[in-house]
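One chain comes next, on its own, written out as structure tokens in the form predicted on its own.
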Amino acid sequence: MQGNSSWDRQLVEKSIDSLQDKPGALLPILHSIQDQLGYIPSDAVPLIADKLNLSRADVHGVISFYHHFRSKPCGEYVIQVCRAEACQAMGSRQLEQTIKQTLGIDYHQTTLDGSFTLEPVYCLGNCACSPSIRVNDDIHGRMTTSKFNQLVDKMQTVAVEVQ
């Protein structure tokens, strides 16, 4: 889900309250917050720490350890480029450069209009169809520069139609 620059304290508190009694509650709470907001706001860390009787450093350590968790809002479309060996052997490094140039951003950045966030990923499990990318929850195999440009055009068209 797309993140935004303001976060909902009540939503965070509801996620914490509904999951805090589960064994190993920290990860389910972090997943719940990110699923709803698109990221884990830094101001949510003390709330989580207090409710779980953890230090803020413990909570931050888990957020920063797992690459899945974001501490900043992401774009409407999160594009992950597979960097595993099978994809590299089939041209993902060249594709990665094209994607960066097309979007005008590097890994871990979001376009100024908030449309796209670019992230590296180290295997999408789609090796037979290398190179692969994932856009939000959809995996696209045998990706080429041309197919990527068509995909971006389609996403931008959808965004315009929604507005």
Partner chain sequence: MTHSPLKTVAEQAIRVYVPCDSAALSVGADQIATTIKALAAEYQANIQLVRNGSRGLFWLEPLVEVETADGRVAYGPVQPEDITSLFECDFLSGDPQHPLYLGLTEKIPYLAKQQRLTFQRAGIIEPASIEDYTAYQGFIGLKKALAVGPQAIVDEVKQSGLRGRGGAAFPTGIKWQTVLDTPAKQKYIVCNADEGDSGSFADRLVMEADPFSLIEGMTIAGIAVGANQGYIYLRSEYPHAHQMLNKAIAVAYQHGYLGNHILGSDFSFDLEVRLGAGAYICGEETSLLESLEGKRGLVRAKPPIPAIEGLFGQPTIVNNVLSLATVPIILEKGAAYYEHFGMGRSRGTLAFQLAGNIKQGGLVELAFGISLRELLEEYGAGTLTGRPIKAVQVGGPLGAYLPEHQWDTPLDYEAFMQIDAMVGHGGIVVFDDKVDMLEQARFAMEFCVEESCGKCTPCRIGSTRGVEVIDKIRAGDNIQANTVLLTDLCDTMTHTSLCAMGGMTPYPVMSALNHFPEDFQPTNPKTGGC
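A quick note: this is a predicted structure, and the numbers were derived from the prediction, not measured. Positions refer to the first chain, counted from 1.
The same protein also exists as the form predicted together with the partner chain; that form is not shown, yet it is the one meant from here on.
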(Q) Let me test this: is every residue among 9, 16 and 49 within 4.5 Å of the partner chain in the model of the complex, going by heavy atom positions? (A) no
Q) Just one stretch in 111 to 119, 39 to 47, 98 to 106, 130 to 138 has heavy atoms within 4.5 Å of the partner chain in the model of the complex, so which one is it? A) 130 to 138
Q | the partner chain contact in the model of the complex: residue 71, any heavy atom under 4.5 Å | A | no
**Q.** Contact of residue 56 with the partner chain in the model of the complex (heavy atom, 4.5 Å)
**A.** no
Q) Would residue 84 count as touching the partner chain in the model of the complex under a 4.5 Å heavy atom rule? A) yes
Q.
Please tell me whether any heavy atom belonging to residue 79 falls inside 4.5 Å of a heavy atom of the partner chain, as the geometry stands in the model of the complex.
A. no
Q: Would you give me the residues of 10 to 41 that have any heavy atom within 4.5 Å of the partner chain in the model of the complex, in order from first to last?
A: 22, 23, 24, 26, 27, 28, 31
